[in-house]
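Only one chain comes next, encoded as structure tokens, the form predicted on its own.
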């Protein structure tokens, strides 16, 4: 339906929302799903890589360099490379690209948090007889939570924006609305709905992670107080 032919082609239209509520909701659900899956997979891969770089210093350079190179590849170029290998009609193409982009943010911030742990705390943990893994899970990672969450927040907001690129192969979540609006004779209401929901989603997820960070690190509130 060529909504853009309607008089005025307004930026906001209740008629569009009523007629396309299911489409908008489906796009939003797809956007949230791709974002959460990508950040979760990136965390599963990125956290162990950061720990490896923390334990074995010679690996720090190669790990950061590899994730950095992946991050600098333009999103359209990466999607064009991945899609033919995985399948242009599968959301996995978009998901793989999103995971590769989120890796650097998670690895870099996690490693920074681990490298900034107070030496006296690490010495005390060693004096108490903690082994490498015991210290990692009881001391190192808990104290590095603020830095880890910073990486997760950056990766999440970045991923929310990058999901829209997937609209080029039909798996862009809210980006499908934005691209569809441009293709539909520049239908402003469709473009605005996709854009506003994308921005709102990024802000909401960032606030949720910030709130989770406050709950997980009560000692930081005491320090600020």
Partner chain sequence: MNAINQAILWLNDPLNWSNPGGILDRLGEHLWISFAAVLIGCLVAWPVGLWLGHTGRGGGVVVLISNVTLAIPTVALLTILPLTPLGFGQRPVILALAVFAVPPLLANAYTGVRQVDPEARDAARGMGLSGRQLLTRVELPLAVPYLATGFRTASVQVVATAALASFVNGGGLGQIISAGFGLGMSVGGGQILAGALLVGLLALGIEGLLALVERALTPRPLRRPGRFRRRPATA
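Numbering follows the first chain given and starts at 1. Fair warning: this is a prediction, and the values are worked out from it, not measured in the lab.
Just so you know, the form predicted together with its partner chain exists too; it's not on screen, but the next bit is about it.
Its partner chain is not shown here, and in the predicted bound form it never comes within 4.5 Å of any heavy atom of residue 14. When its partner chain is considered in the predicted bound form, residue 47 lies well away from it, no heavy atom lying within 4.5 Å.
Though the partner is left out of this view, residue 83 does reach within 4.5 Å of its partner chain in the predicted bound form, counting heavy atoms only. Residue 35 falls outside the set of residues with a heavy atom inside 4.5 Å of its partner chain in the predicted bound form. Of the residues given (121, 134, 77, 128), 77 alone sits with a heavy atom within 4.5 Å of its partner chain in the predicted bound form. Among the residues 53, 27, 179, 43, the one placing a heavy atom within 4.5 Å of its partner chain in the predicted bound form is 179. Against its partner chain in the predicted bound form, the set 165, 168 and 188 is in full contact: each member has a heavy atom within 4.5 Å.
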